[in-house]
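For reference, the chain that follows is the form predicted alone, supplied as structure tokens.
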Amino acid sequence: MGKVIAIDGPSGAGKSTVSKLIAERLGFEFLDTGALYRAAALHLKRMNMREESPDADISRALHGVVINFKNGRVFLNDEDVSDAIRTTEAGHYASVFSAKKAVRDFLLQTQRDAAVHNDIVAEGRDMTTVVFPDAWKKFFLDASEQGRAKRRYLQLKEKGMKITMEEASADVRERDKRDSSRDIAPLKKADDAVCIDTTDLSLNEVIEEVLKAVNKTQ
């Protein structure tokens, strides 16, 4: 089993970007769990699954599905869905279906397998509490709702997607409510995780804070 740096936090706190760069700096593999959930949600939407669909139907719909990474791209049953999973709609359904036990069970072993032969940086909503409760290092990145909405807005605008600040704010609030109130693996800070508020920090400052904590007790 390799070393695991697990990073949790709400939508828009900067987890993905920070995690990717931390992995690069340390020579670790980056596990983009958000992409896994988005790809699974895309498949379920295509299979006409809905939020109210029972777990038994969702499990059947996911049976035999293969989601993996190749050269930085995300593949769903050998189809490159890297761009398709980055839309606002895909993010919405990823949040919706991630509350389903059938989906979390389907992806749990896939996530854990990533650390069998590699040192990894894993980011998500329950990396420190459920997927890797014994992770080598644990972090919780947080930020104000306004700061997270602004990040989300700029991120989607850079990709050429049409969105307003009001829509970005509503999306963040909706995800926060769903992620924190779901019965299965709700978003919460692990007791032994280092909490970093990224609201007023630059990207480099956040990275330095994480690396400082990593190196402190090696």
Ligand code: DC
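Each residue number is its position in the shown sequence, starting from 1. Since the structure is predicted, the reported quantities are computational estimates derived from the model, not experimental observations.
Although not depicted, the form predicted together with 2'-deoxycytidine-5'-monophosphate (DC) is the subject of the following passage.
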Checklist entry - Where does 2'-deoxycytidine-5'-monophosphate (DC) sit in the predicted bound form: which of 178-186, 50-58, 65-73, 156-164, heavy atoms within 4.5 Å? => result 178-186
Next on the checklist: At 4.5 Å between heavy atoms, is residue 86 in contact with 2'-deoxycytidine-5'-monophosphate (DC) in the predicted bound form?
Outcome noted: yes
Checklist entry - Counting only non-hydrogen atoms and a 4.5 angstroms cut-off, does residue 121 reach 2'-deoxycytidine-5'-monophosphate (DC) in the predicted bound form? => result no
Checklist entry - Heavy atoms within 4.5 Å of 2'-deoxycytidine-5'-monophosphate (DC) in the predicted bound form: does residue 104 have any? => result yes
Next on the checklist: At 4.5 Å between heavy atoms, is residue 95 in contact with 2'-deoxycytidine-5'-monophosphate (DC) in the predicted bound form?
Outcome noted: yes
